[in-house]
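Here we start with a single chain on its own, the form predicted alone, put down as structure tokens.
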């Protein structure tokens, strides 16, 4: 990777870091509100895996949800802003390959997702004593999740012509996928039909695999989850690279 890639990556990292109160602090506050409300209402009524308190069960899901949503937001918002304001031309003019273009945006998305997820984790340490049964699983699912959503965010940002379209993509696709993935519940608490439906949601495998890294317990095998997530990440990456190579909605 050359100087152009490093410059674009630096620009994308700096873009969200310079407004950290909005891009980092606000999502952390949102996750904390979820934690406070759901743990207060359900702590005494919901038991998961018998020995795990509901608040402890909830925290890894909130961390991963924050990683995914912010990774998607980073690449999608950057591209749509550049397109709407017209300064996308300054990113396309330098001698960057489409692979470098892709790698810079996805790595920046992973960076923002991990920063926000780390912020949520640090704040939740005041509320719950977490265990870390398999740290490598935690790291693997966090990075893969950021990559998957970063690539999907690029597709959304390239496809959308205005902020309303991007908001629709986020509200009707990203939000349902994350909220119906087991963040707030174990899928074994669902009727059999909805358990089957949940297995078609790739975000479920991210949440479950990430949670497995903390407790050593999950609803499916972490290896199955890793395979599904890796396949989806590869699929979204191939689609994004193809779109970039063709210059769809980027070149006049």
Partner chain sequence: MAAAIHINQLCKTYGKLQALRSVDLDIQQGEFFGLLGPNGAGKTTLISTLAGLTRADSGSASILGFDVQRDYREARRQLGVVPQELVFDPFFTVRELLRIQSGYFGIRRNDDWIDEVLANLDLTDKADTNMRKLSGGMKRRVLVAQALVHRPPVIVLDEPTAGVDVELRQTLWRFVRDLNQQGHTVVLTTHYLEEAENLCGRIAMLKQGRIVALDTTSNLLSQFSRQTLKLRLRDGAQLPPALAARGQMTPSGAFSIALNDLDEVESVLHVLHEAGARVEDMELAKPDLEEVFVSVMHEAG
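Remember, predicted model here, so these are calculated numbers, not experimental data. Numbering follows the first chain given and starts at 1.
Below: the form predicted together with the partner chain, not depicted.
- Although the partner is absent here, residue 98 sits close enough that one of its heavy atoms falls within 4.5 Å of the partner chain in the predicted bound form.
- The closest heavy atom approach of residue 19 to the partner chain in the predicted bound form falls within 4.5 Å.
- Mapping the unseen interface onto this chain, residue 86 counts among the residues with a heavy atom inside 4.5 Å of the partner chain in the predicted bound form.
- The partner chain is not drawn, but in the predicted bound form it has no heavy atom within 4.5 Å of residue 125.
- Partner proximity in the predicted bound form, defined as non-hydrogen atoms within 4.5 angstroms of the partner chain, places exactly one of 140-148, 88-96, 167-175, 127-135 at the interface: 88-96.
- Site residues 27, 30 and 181 are none of them in contact with the partner chain in the predicted bound form, judged by any heavy atom within 4.5 Å.
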